[in-house]
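Next up: the same protein chain in two forms, each one alone, written as structure tokens (structure 1, then structure 2).
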Structure 1
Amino acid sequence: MTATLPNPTPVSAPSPGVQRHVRRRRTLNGLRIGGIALVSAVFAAPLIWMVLAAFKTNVQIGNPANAVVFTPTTQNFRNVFSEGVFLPAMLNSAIVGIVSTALSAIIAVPAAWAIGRFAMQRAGNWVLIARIIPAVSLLVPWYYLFARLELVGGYTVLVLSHMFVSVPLITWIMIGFFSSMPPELEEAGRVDGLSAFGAFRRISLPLAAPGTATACVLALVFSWNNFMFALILSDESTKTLPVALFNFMSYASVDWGGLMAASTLMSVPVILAAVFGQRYLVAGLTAGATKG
């Protein structure tokens, strides 16, 4: 390929102006790469610190001499598992996350199809409400009503409360997918004898599968991270990971090693999501990053 390029050899040496320009370019590029490295370090360092601390004894954690050089121990992780709180809490988080995400997808994907396909702006705005109002202002009446129904502490309220975040999130992400799909695809299916619902199920839904996957991963992450709802609506047997971590901190504040091991374990699914879904998750997050 290089042979086809025009011969770059100049007739005479480049002028001082060009030389200065090239030098400046090079310095700027160096600065840019240095800046990017610095920024990455700033965002990564605290998380690396967390993982390092998870493998240290509590004595090593407080000693600057052991900051990077130390003999790693897995004791903290063994403590976390033998403690008898984290494994059930992890299971609770998984149950609540998976069930609430699955139910949300069943509700939200068809809704997003209707809103996106038929440009129903007003219905879209109703979905957006959940993005704006503070979650506490719903937690108050939820608690009040669910307590009267004697449902507080069970999985049902936890799943329903987590769906408050994931239904709008999934809907909002999927609207974009369905509205950018040419309606001719479905119409072609209709001509071939599919019902309206059949066209949605056999044509639009499979095409939107990558988007649905992204939306569900994000919904799972937000459910996994949610603290406020479970803090109030769960009981001893249904409490989720963030609540377990918080409780652990309140009465064992000196056990930094255990806390960091638990935080590290909690971050594993999130880091996996970031590594594998990076390209799609940006689009999803910009569509509706939601927290309590």
Structure 2
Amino acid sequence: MTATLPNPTPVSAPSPGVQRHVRRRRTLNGLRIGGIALVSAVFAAPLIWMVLAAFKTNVQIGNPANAVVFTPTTQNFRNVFSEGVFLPAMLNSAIVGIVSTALSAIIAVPAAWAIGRFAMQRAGNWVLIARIIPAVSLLVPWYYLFARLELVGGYTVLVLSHMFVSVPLITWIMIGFFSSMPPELEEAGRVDGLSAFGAFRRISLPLAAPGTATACVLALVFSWNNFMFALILSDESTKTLPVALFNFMSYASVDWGGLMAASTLMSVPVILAAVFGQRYLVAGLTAGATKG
């Protein structure tokens, strides 16, 4: 007895509309990937050039033939540390950045909670105005005021000047974060006997830890990279890293190798913070984007 197999069902070809949709999606994906690669290359090229130049001599840096193929040297890094300026300047940057960020967070986080929780729109507008005022425009009155108070050249004036930018920055980020929190959480704490500030300290503040960390990291990066404030308000004992880079520049010449080596070392903490804290930074920045 011969068994008969059922005829296979013919597979119909995708309709022209489906094929056009697939081709359009592939084209858009290709354009998206190409755009991302182009933007990444534009932003990464200066960083790559800086790192490569840190391992070149000044002659190699000025020679286009040695743009990629060259004999690396570590003399630039040895020169950076042998001058005895880089490490004290790094310590000054760390002190000013950490202290100004910590004090700014102590002031800004409760202020942001009050503005966001009690809908103090007028106060929020003043924070925005303080955020967009160019800090450079205040350097002359700052210098006059702090010079009269005999504070120019110390850590105090650098911390205060950095806080002028850090406090509005942290406040503005945290307002959206606290506004997005359900008020029922604090109301439940109030029912259990907590005061308004107690509910903030025990309930809202722990929940706002990712946003607080994000705002503090951004404020610390600003302080670490700030040049103008330290140039005007510091002296030889308190100058920070951006000002210390001036040691590699003179009226007649520029030590490009030493400058690139110092810039590479200065960028390492910021790059490490961005790489290892990327997930938390993105979570903190987007946590207050929507309510509910």
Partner chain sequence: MAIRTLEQENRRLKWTMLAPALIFIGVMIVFPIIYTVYLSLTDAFGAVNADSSFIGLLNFSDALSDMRRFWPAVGRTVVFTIAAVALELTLGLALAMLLRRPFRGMRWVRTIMMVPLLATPVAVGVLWLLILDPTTGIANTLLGFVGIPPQPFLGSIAQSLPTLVLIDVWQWTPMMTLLLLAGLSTLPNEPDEAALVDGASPWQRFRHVTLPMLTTTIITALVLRSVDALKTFDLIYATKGPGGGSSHEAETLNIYAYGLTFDYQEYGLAAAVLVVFTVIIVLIVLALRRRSAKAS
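The term rigid core refers to the maximal set of C-alpha atoms that superpose within 1.5 Å between the two forms. Throughout, residue numbering runs from 1 along the sequence of structure 1. As the structure is a computational prediction, the values presented were derived from the model and not from experiment.
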Discussion item. I need to confirm something. Of structure 1 and structure 2, which is the form predicted alone?
Written reply: 2
Fill in: residue 60: Cα shift of 2 Å or greater between the two structures (core-aligned)
yes
Worksheet entry | Is_shifted residue 237 between the two structures (CA, 2 Å cut-off, rigid core) | no
Discussion item. My question is whether residue 227 is one of the residues whose C-alpha shifts by 2 Å or more between the two structures, given a fit on the rigid core.
Written reply: no
Worksheet item: With both forms fitted on the core, how large is the C-alpha shift of residue 37 between the two structures in Å?
Response: 2.5
Worksheet, complete the sentence: Students should find the CA displacement of residue 26 between the two structures, rigid core aligned, in Å, to be 4.6
